[in-house]
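Only one chain is included here, represented as structure tokens and corresponding to the form predicted alone.
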């Protein structure tokens, strides 16, 4: 892999941003792709914003600059919106339409932003936007695997489904393995369903 691919992951503490990042790194190592990741930023134990940057390819360094992300994987829609500055015209966004209301919204002192307007504004500006609607049948903690499954169906995603499955098998305890793999496969099937329903 000669060209770099840069992946930004965004979510809220407790959604599995750290696990998803580590899994992508593991899959890259299995595929013998050079990989680096930045320090995880955010309040991962307190429900705050959490982001991570991953770069794959030769001479990689883990940091993603403004307008540098080829993929943005958003586990929560507002957190996806917060990472707008990382996108460029050829970026792909895969975002779960899942909303976790911030403290100020819960306290009644602020409104949750109009994320639908954000999505409609974003679509003509970049290469592809996939907003995942109506995930059912999996635990919330496994929504990150569903998002990864959807991303893995995008032709330019740098990791194959096979190496991702190997990384899941290597990193997930036996008692959670079946449901984790199932969530990943449901994400992959989601893209087929969206295509068939058009």
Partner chain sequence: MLPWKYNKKMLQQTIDILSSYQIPKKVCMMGNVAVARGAIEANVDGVFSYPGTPSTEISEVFSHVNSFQNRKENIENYPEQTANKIYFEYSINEKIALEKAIAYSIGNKSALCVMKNVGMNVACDALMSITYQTIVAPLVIIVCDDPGCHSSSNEQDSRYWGKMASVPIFNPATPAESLKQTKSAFLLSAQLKLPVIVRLTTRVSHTRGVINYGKLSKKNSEASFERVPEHINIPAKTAAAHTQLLNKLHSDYFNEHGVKYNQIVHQTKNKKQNANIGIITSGVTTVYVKEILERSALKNNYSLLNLGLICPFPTAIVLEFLNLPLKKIIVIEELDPIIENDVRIVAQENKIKTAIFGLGFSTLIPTGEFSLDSIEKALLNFTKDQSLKNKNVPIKNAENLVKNLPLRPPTLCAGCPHRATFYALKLAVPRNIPDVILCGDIGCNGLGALPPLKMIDTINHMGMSVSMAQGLSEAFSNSNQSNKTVAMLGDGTFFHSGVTSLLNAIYTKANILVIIFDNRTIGMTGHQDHPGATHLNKYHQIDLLPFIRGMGAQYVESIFPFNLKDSFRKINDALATKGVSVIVAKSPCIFLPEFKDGSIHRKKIVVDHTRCNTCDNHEDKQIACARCYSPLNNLSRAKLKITAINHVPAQKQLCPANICNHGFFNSIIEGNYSEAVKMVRDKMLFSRTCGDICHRPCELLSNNKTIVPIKKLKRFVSSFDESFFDFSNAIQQTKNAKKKNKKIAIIGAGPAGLSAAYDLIREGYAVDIYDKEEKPGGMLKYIIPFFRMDKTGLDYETSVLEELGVKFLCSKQLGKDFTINDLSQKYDAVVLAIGLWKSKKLEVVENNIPDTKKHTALSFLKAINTDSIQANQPLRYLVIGGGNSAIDSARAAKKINPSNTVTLVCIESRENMPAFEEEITHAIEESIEIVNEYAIEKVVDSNNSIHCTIKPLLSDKTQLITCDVIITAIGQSPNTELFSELNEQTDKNSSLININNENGFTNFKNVFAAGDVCNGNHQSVIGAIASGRRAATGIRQLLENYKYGYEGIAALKKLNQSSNPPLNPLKEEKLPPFGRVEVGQTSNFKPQTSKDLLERIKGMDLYQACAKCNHCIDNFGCPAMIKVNGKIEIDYQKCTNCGLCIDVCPNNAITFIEEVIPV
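Numbering follows the first chain given and starts at 1. All of these numbers come straight from a predicted model, not from anything done at the bench.
Although not depicted, the form predicted in complex with the partner chain is the subject of the following passage.
A residue is said to contact a partner when one of its heavy atoms sits within 4.5 Å of a partner heavy atom; residue 36 meets this definition for the partner chain in the predicted bound form. In the predicted bound form, at least one heavy atom of residue 169 sits within 4.5 Å of a heavy atom of the partner chain.
Taking the partner from the other structure, the partner chain in the predicted bound form has no heavy atom within 4.5 Å of any heavy atom of residue 128. Put simply, residue 22 is close to the partner chain in the predicted bound form: some heavy atom of it is within 4.5 Å. Counting a residue when any of its non-hydrogen atoms is within 4.5 Å of the partner chain in the predicted bound form, the hits in 72 to 107 run 76, 78, 79, 81, 82, 84, 85, 87, 88, 89, 100, 101, 102, 103, 104, 105, 106, 107.
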